[in-house]
Ligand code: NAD
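Take a look at this single chain in structure tokens; it is the form predicted alone.
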Amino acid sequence: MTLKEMLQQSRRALFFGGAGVSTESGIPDFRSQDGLYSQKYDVPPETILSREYFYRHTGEFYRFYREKMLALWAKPNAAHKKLAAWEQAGILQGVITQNIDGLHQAAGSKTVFELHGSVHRNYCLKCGRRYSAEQILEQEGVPHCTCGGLIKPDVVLYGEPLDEETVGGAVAAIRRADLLIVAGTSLTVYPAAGFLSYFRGERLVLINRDETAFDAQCDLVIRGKVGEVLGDIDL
């Protein structure tokens, strides 16, 4: 059975995506051969993007964050646009994403569970005032609030827990789904990868460029770019 046929038969389809969903928008992923974590840095990106490093070396954190994580020039690709159209048509109940770029919302998706937060939300650790990603990009050095407090991106750093409300919503959506499409993720990052254990639906589909440890558990595995695969499906 093809993915198109599965979608046509589904009543509660759900999409779960990782970094590979945004690579066609020009945003590099993390763990592929030419991904962010394969590049050479004096300090590993995993260390820089940690809670401890943020507080101990805030200036160095923001230098890396502005250069590598704030891809505000990126535009939604075919995958983002197709998923938004399917949601609007009532075919898809929502999107769960490990990405922090906000491209699903930019494409028009309404129900989006951002497991790792978003670069578009930033807040003062002292007074709670909110700041946009553009304001963070415009400032130099360590960004501070008008009250003098340190501004922190609302993204989940290594060493930080996922947001409980977001996790609860994502798990509930997975439990309701009869079709789960997992795409653009190596499924090696926990706790996000563990979310698949909550799926009790009829069909599990995986779209990914490389093999994963979950391939054998899927009803359908498609090798390819997410945008190209979804973009070719007309319902």
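Computed from a predicted model, the values in this text were never measured in an experiment. One rule holds for the numbers: they count along the sequence shown, beginning at 1.
Missing here is the form predicted in complex with this ligand; even so, the following discussion is about that form.
Asker: Within 4.5 Å of this ligand in the predicted complex: all of Gly20, His116 and Leu187, by heavy atom?
Answerer: Every residue of the candidate spot has a heavy atom within 4.5 Å of this ligand in the predicted complex.
Asker: Determine whether any heavy atom of Arg12 comes within 4.5 Å of a heavy atom of this ligand in the predicted complex, and answer yes or no.
Answerer: Flag for Arg12 set to no.
Asker: Would you please decide whether Gln98 lies within 4.5 angstroms of this ligand in the predicted complex, comparing each non-hydrogen atom pair?
Answerer: So Gln98 counts as contacting this ligand.
Asker: Would you classify Pro28 as touching this ligand in the predicted complex, given a 4.5 Å non-hydrogen atom cut-off?
Answerer: Yes, Pro28 lies within 4.5 Å of this ligand in the predicted complex.
Asker: Hey, in the predicted complex, does Glu52 get a heavy atom within 4.5 angstroms of this ligand?
Answerer: Contact check for Glu52: no, nothing within 4.5 Å of this ligand in the predicted complex.
Asker: Please identify the residue among Arg209, Arg63, Arg200, Arg56 with any heavy atom within 4.5 Å of this ligand in the predicted complex.
Answerer: None of the others qualify; the residue that does is Arg209.
Asker: For the interface check, one of 144-152, 126-134, 98-106, 81-89 should have non-hydrogen atoms within 4.5 Å of this ligand in the predicted complex; which one?
Answerer: Flagged stretch: 98-106.
Asker: Can you tell me which residues in 210-235 come within 4.5 angstroms of this ligand in the predicted complex, by heavy atoms?
Answerer: Contacts from 210-235: Asp210, Gly224, Lys225, Val226.
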